[in-house]
Ligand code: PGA
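Next up: a single chain in structure tokens, the form predicted alone.
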Amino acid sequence: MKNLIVANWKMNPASLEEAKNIFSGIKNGVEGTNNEIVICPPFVYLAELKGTALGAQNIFYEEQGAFTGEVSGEMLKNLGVEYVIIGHSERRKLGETNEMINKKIKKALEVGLKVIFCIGETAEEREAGRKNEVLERQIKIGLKDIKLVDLGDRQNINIAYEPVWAIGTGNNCGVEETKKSIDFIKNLVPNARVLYGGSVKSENSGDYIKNAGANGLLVGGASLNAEEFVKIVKSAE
């Protein structure tokens, strides 16, 4: 099973020219890697970037209709998108619920997209000793009524463990704590690849693969620097 390294550009960069430059730097730098690389740019750049697997940062659970501002699975599929991030904490903060996430995952699988399903606890939940309770609830509701075949060898569902308190803070989760969380997730969903995300950089990325048992990484800010992202990919070899 290959490690899955995902670049989540979020709402960056500001121009198509910048996006193409970063994309080109990554594509050239990771040539020949044994890892699976997916780049998730903003929607507006998806049609302009070719040569490496693409992912979207969100999906809507309905198809055509009166849904202003939303993007459907069919639209993404027709653009050549292969993956979609669902349930990111930054979406949850905007009101996305576990039930909505479940519907989005079902829709993504229905149209043939592979899922990067994000879960993670807040600082308050962690301090209260409720981490495993939170992760289990997010998984059980998020994957409710999804057939086990979708968690098989094709890796249609990948789970990204992203502790909310570590995202974009520079305060990454320690390797030992991450390993415990990844082991807990793998016990609940044995066939899924489990990624780590949260202040990932080249100095710590290799440890999450080699010592914490992660099957890949979901990289945020560091993925906007092509040279840094290439280092992260190579550290996961």
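As the structure is a computational prediction, the values presented were derived from the model and not from experiment. Residue numbers run from 1 along the displayed sequence.
A second form of this protein, the form predicted in complex with 2-phosphoglycolic acid, is not displayed here; the remarks below concern that form.
*Asks:* Select from the listed residues 90, 82, 96, 74 the one whose heavy atoms reach within 4.5 Å of 2-phosphoglycolic acid in the model of the complex.
*Replies:* By the 4.5 Å criterion, the partner-contacting residue is 90.
*Asks:* In the model of the complex, does each residue in the set 2, 37 and 209 place a non-hydrogen atom within 4.5 angstroms of 2-phosphoglycolic acid?
*Replies:* None of them does, since no heavy atom lies within 4.5 Å of the partner.
*Asks:* State yes or no: in the model of the complex, is some non-hydrogen atom of residue 166 no more than 4.5 angstroms from a non-hydrogen atom of 2-phosphoglycolic acid?
*Replies:* Result yes; residue 166 sits at the interface with 2-phosphoglycolic acid in the model of the complex.
*Asks:* Examine residue 8 and determine whether its closest non-hydrogen atom to 2-phosphoglycolic acid in the model of the complex is within 4.5 angstroms.
*Replies:* Contact check for residue 8: yes, within 4.5 Å of 2-phosphoglycolic acid in the model of the complex.
*Asks:* Is the gap between residue 199 and 2-phosphoglycolic acid in the model of the complex 4.5 Å or less for some heavy atom pair?
*Replies:* Residue 199 belongs to the contact set for 2-phosphoglycolic acid.
*Asks:* Are any of the heavy atoms in residue 218 no more than 4.5 Å from a heavy atom of 2-phosphoglycolic acid in the model of the complex?
*Replies:* Result yes; residue 218 sits at the interface with 2-phosphoglycolic acid in the model of the complex.
*Asks:* Using a 4.5 Å heavy atom cut-off, which of 29-37, 61-69, 186-194, 167-175 contacts 2-phosphoglycolic acid in the model of the complex?
*Replies:* So the stretch in question is 167-175.
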